[in-house]
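Have a look below at one chain only, the form predicted alone, in structure tokens format.
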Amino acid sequence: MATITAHGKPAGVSGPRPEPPARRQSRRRRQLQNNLTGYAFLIGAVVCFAVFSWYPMVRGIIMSFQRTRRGETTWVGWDNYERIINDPSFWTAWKNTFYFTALALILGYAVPFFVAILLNEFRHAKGYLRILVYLPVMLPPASALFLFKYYAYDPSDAGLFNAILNFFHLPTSDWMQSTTMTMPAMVIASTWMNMGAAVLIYLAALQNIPGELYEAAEIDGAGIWRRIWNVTIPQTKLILSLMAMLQIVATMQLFIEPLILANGAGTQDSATSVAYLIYQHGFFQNDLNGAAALGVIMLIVLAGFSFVYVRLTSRQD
């Protein structure tokens, strides 16, 4: 029968040896150093966000309830919001912004996805084609828009798009001088400038789809459109929903396109966006409090879209 020691262990059976105090202190010191390094990097990021993102946001919300005249600041409550909402250009700007967002979802959201599907089918020169698609993203936005303004959207027959319409014996357009073609023209330019990054993201998602699914669909006799509808879209549903949300948030902040292509407001305010209206209030009318109120309204609208997206995706998960 085994002899039991005072520590409750059978005699002759050795348990785990206790860690020496010096080694334990050394291990804790290394853990502390690793944690401090991580916290140091984290504090730098938090400080950058606090100074350049959170503070301006909080400051803008406070300014929206104030009025500054001749260096004196007073609290005026909801007066700035009432004044902004009663401005006729407020509703025009929102109508134009939603119109641009809807067109961008039809064109600027769908085109990169189908371009990615097309590039994914190529067997040769994939790298060259990806660079070719991504090149417009590397151009400064102002340079790309000036290229469209003075070369593609020239209202004379020398303009690229009008030359194409003339070749097919179709009626030409004044493009940025037209109240009906201003928004579609800006969507075309914006899609060309920004679709490169979206195409690469879609390509990464497409390459993660198992090839066996496409082989099974081909065996069942599915054509290319049925394979896209029944295999590609369901397998990339998460990234498609995320890109749709990012597309809405980005296009709702429409600013540089009307500023350069339409000289700001466009013909009969056909290009005035909410972001450009904020710019007008802040820098042309010297109404920083009204601009802050308009910015808070935009923040609430975008936060509403983000909340709906989070709820819908959480239910899908």
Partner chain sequence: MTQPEFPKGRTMSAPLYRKVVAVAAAAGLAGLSLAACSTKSDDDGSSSSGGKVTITVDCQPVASQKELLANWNADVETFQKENPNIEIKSVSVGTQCNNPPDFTARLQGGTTTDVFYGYMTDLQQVLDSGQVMDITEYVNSTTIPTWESVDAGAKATFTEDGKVYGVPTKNYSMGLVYNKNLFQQAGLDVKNPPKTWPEVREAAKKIAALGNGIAGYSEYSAGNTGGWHFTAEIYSLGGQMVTADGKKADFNNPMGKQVLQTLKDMRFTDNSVGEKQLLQWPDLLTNAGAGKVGMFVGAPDATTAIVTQFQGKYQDWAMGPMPGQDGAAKATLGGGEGYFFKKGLSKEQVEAGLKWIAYQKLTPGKGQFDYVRAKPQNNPVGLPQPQLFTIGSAAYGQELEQRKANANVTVDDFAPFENNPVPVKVEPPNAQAIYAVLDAAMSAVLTDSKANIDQLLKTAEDKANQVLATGGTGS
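Every value quoted in this text rests on a predicted model; they were computed, and no experiment measured them. Numbering follows the first chain given and starts at 1.
Omitted here: the form predicted in complex with its partner chain. The next part is about that form.
Interface residue among I61, A50, L42, L36, judged by heavy atoms within 4.5 Å of its partner chain in the predicted complex: I61. Using a 4.5 angstroms limit between non-hydrogen atoms, W78 is distant from its partner chain in the predicted complex. Taking the partner from the other structure, its partner chain in the predicted complex has a heavy atom within 4.5 Å of a heavy atom of Y150.
Shown alone here, G211 lies farther than 4.5 Å from its partner chain in the predicted complex, counting heavy atoms only. Residue contact check for L32: none of its heavy atoms lie within 4.5 Å of its partner chain in the predicted complex.
Exactly one of the stretches 174-182, 189-197, 118-126, 222-230 approaches its partner chain in the predicted complex with heavy atoms within 4.5 Å, and it is 174-182. The putative spot formed by R83, A262 and L302 is fully lined by its partner chain in the predicted complex; each residue has a non-hydrogen atom within 4.5 angstroms of it. For the stretch 279-298, the set of residues having any non-hydrogen atom within 4.5 angstroms of its partner chain in the predicted complex comprises Y279, Q280, H281, G282, F283, F284, Q285, N286, D287, L288, A291, A292, G295, V296, M298, in sequence order.
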